[in-house]
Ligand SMILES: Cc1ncc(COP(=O)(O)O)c(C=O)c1O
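First comes one chain, alone, set out as structure tokens in the form predicted alone.
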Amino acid sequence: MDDLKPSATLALNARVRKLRADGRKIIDLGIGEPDFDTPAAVKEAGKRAIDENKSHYTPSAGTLELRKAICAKFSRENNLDYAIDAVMASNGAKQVLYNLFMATLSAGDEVIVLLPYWFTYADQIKLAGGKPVFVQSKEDFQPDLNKIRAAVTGRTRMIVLNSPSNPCGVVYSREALIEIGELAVEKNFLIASDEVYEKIVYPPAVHHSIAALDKRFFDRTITINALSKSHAMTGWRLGYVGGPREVIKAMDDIQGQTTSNPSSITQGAAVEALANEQPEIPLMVKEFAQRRELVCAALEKMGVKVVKPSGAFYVFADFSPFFNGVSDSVGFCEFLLEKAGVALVPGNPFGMPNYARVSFASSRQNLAQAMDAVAAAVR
């Protein structure tokens, strides 16, 4: 427990709430959730689940109806053919990941994690007794296969992929995914593919599920997804996963002895979310694309070097030229919070202390005001 660090984003959210309660005007660009409402049809499905008294225990892996919807979604949208007993639902993607690491890692097993990385990966790997092995990506945040290969040892059990990525928004190329898949087959390790931002992709980028690229990759990949980002359902808590039967069975056993099933009401809403097109989603992505242009242009005008994200709703940028009197991004973000009233997430917990994450899950008006305040503060 001494090695476990609290979530950086949850800690920042608490700090922002306190400052606001003290009367400070804070524009929060650290937020990691869409600022949109859950699609109307999904909300109605949740209400129906309540009215139909779907308020009892379900199988720990989720109702049969939900698991059929998960299988159909994977087949329709990802070209992945999972059987019913090869999928399950959990209380968000975080629990999916926790179940996975607990089910597959023994003490000392190594897991390759690409920088920058979502900080939850490292702490959950450690909780399961594993060892995260961090590998720096290329300047454009695409995977560096030479560095990944060099990091593989006899203890390598898994690699974690996150595309589109939190915090940098990179969408891994098909070629990079194939190279990683071939290495996993050659060296015999698992692939955890976190695809929770798959619907938030900006053309010409295209999202690929690595498990769909080769049957050999499919047999060793655990494909992780959730409704939180794609359907603006962070508070509903519904993640889902497909993978090798023996892995899913072990994950289900762990869940059965920890949290049991996800909320039965949320499962009712999730069937609608997965089974039918929700017209609000492309509108949300279109708005995110416009905000991306606003934020990237403002940062470039300040002199910040920007790798424009191809997915998700974050810009991960190097602010180190402005570190005047502070040693890393933590100090810089504290400065911005105090002087500019703008909250960013430091790059330190993502493994890159010269960087900070700017979320554009906020209105264009808020983003414009925030960028003006940051520009004035760094001047």
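Position 1 is the first residue in the sequence shown; the rest follow in order. Nothing here was measured: the structure is a model prediction, and the numbers come from that model.
Separately, the form predicted together with the named molecule exists; it is not shown, and the next lines address it.
Practice task
Tell me, yes or no, whether Lys229 is in contact with the named molecule in the predicted complex, where a contact means a heavy atom of each within 4.5 Å.
Solution key: Yes - in the predicted complex, heavy atoms of Lys229 and the named molecule come within 4.5 Å of each other.
Practice task
Please check if Tyr98 has a heavy atom lying within 4.5 Å of any heavy atom of the named molecule in the predicted complex.
Solution key: Outside the cut-off, so no.
Problem - the named molecule contact in the predicted complex: Phe217, any heavy atom under 4.5 Å - result: Outside the cut-off, so no.
Practice task
Mark Lys73 yes when one of its heavy atoms lies within 4.5 Å of a heavy atom of the named molecule in the predicted complex, and no otherwise.
Solution key: Because no heavy atom of Lys73 falls inside 4.5 Å of the named molecule in the predicted complex, the answer is no.
Handout entry: Ala93, Ala298, Ile148, Ala122 - the one with a heavy atom within 4.5 Å of the named molecule in the predicted complex
Key = The option sitting close enough to the partner is Ala93.
Problem - Contacting member of Phe288, Phe141, Tyr82, Trp118, with respect to the named molecule in the predicted complex [4.5 Å, heavy atom] - result: The residue from Phe288, Phe141, Tyr82, Trp118 that makes the contact is Trp118.
Handout entry: Proximity to the named molecule in the predicted complex (heavy atom, within 4.5 Å), stretch among 242 to 250, 99 to 107, 264 to 272, 158 to 166
Key = Going by heavy atoms within 4.5 Å, the stretch is 158 to 166.
Handout entry: the named molecule in the predicted complex - contacting residues of 340 to 375, heavy atom within 4.5 Å
Key = Sequence-ordered list is empty.
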